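Take a look at this one chain, the form predicted on its own, written out in structure tokens.
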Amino acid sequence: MTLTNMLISHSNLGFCSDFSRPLLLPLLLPPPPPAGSSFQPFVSRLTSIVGSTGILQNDRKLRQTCQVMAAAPSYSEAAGVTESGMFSQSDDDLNSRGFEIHMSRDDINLDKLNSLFVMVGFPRREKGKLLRALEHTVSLLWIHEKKSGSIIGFARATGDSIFNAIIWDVVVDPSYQGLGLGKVMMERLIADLVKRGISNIALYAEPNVVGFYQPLGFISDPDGIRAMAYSRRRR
């Protein structure tokens, strides 16, 4: 087994079934304010920093702008994940095309999930172990195709629920690849992790999909850091 490249970013997505893949990690970001809060803490800091120079005190327009920011909602649905702060495809758009997004393990059919894994070359997993794995998952997302009743996309993240998370099992049914559903899932999964205050998000990825992650903000081998994985010596 050889060590592979590590990627790092303030967003992330990826998949892998073994440790010979490159590891992807995000840049450390401060956690966003809780849902429903305002930008007031930011404005207070801005006032103390900029105001001390006399800029804010002498610029009525800037002061008014800060007041508007303080009253504005804190974060849009994909703040810190996409440049626009919005998902690339809305839930309404997906629903109009027959796709339903679920972010709970409730009602997930493990047989259908295993079928999806097999379609993409993952091993079929024993149902009891798979259920326990999902029970220890911090965040997950799956896509239900309403017409066929199939699970056509899945992604999950494990971790300590405070500082760190690792994304696993990102899969899309081959018949539905090329529709942007991988990006749909990862934007939402990352947004959920960020909202929980988790800023260090990692994953393993096959080399041929690294180019897919880079536009989403990933870089490889930050400061020369490399991924390492435990490997038992064979007798």
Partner chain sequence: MACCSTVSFLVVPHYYWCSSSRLTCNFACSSYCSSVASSFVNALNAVVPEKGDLRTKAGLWDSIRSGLLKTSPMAVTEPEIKDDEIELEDEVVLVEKVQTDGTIEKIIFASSGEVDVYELELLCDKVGWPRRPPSKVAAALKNSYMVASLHLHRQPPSTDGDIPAPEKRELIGMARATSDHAFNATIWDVLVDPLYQGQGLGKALLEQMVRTLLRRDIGNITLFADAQVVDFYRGLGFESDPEGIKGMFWYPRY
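Quantities reported herein were computed from a predicted structural model and do not represent experimental measurements. Numbering follows the first chain given and starts at 1.
Below, we turn to the form predicted in complex with its partner chain, even though it does not appear here.
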item: is_contact(K147, its partner chain) in the predicted complex, heavy atom dist at most 4.5 Å; value: no
item: Partner contact for A205 in the predicted complex: its partner chain, 4.5 angstroms, heavy atom; value: yes
item: 4.5 angstroms heavy atom contact with its partner chain in the predicted complex for F163; value: yes
item: Distance check, L189 to its partner chain in the predicted complex, heavy atom within 4.5 Å; value: no
